[in-house]
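Only one chain comes next, encoded as structure tokens, the form predicted on its own.
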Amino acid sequence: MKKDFVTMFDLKKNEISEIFELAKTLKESQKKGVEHRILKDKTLAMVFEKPSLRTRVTFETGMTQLGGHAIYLAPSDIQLGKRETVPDAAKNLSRWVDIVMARVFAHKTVDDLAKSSSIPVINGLSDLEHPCQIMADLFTVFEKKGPLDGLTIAYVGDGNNVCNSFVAASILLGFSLRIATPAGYEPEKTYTEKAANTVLSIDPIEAVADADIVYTDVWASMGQEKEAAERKKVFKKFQLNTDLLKHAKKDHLVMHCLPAHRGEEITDEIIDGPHSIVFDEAENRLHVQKGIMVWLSQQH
């Protein structure tokens, strides 16, 4: 039976561990120059409604390193739901390729792709979740801090798709999550209602106090450009800067899923400073997504 990775809730705790073990092995192989063509002759279709540096490069490079091939389908190539229905596109792709990764605006699009496809579908980002990002983030935390049990992660900023995936991960893995957002910008309520280890706040200092990890994201995501000026005013006190991070643990680590709007949600001295592991997590998108693709292929 095929498995998809459309939301964090598609995985169980032990399955996340299995993917992390795969990612660790694949990362070590890549660093040592050991060939690992596990997906030889397999093809990944990459469906993009939204452009991205990290998503495209890491999936395409990862598939090449695994011995397979990736096809980039730009917004103008496929036009999901316009040139043909999403289910019809899914049925076509299922006849030609082995895995689909879709980076879309509406979560329903990737959900419908998965429902109509006979091959694994991966959510490369939707308005509801960004599960590949969170998998890479948590793998990075594990590398730097060890087991997630007992750690406190503070998320400061917009309660967006990244934040939603963090909440889902906290439900599955049981780590402590503190979220600080301005009123009206909270994460998805259906997620937070299930999250026993998640605390919501409108005070960034309260969220960051004694935190092991402090995480942020842009205040205005792609598609929210018209709100950017207003959001800058609303989120002003939610910036990751030296003053705020004085409240975190002395050995805290700083994370950002990128791209960063330097001088807005995070200052240069923080993103480039000694506590930042921002570019480590960006690198780990490659290794973890390779793990996800291999793991899904093994289930299929």
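Since we're looking at a predicted model, the values are computed, not measured. Start at 1 with the first residue shown and count on from there.
From this point on, the text means the form predicted in complex with ligand CP, which you will not see here.
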### Message
Looking at 271, 258, 38, 234 here, can you tell me which has any non-hydrogen atom within 4.5 angstroms of ligand CP in the predicted bound form?
### Response
258
### Task
Please name which of the stretches 30 to 38, 51 to 59, 236 to 244, 64 to 72 has residues with heavy atoms lying within 4.5 Å of ligand CP in the predicted bound form.
51 to 59
### Touches ligand CP in the predicted bound form: residue 103 (any heavy atom, 4.5 Å)
yes
### Query
Looking in the predicted bound form, any heavy atom of residue 152 within 4.5 Å of ligand CP?
no
### Query
Quick one: is residue 287 in contact with ligand CP in the predicted bound form, heavy atoms, 4.5 Å cut-off?
no
### Message
Residue-level question: is residue 109 within 4.5 Å of ligand CP in the predicted bound form, judged on heavy atoms?
### Response
no
### Query
Using a 4.5 Å cut-off on heavy atoms, which residues of 125 to 150 contact ligand CP in the predicted bound form?
130, 133
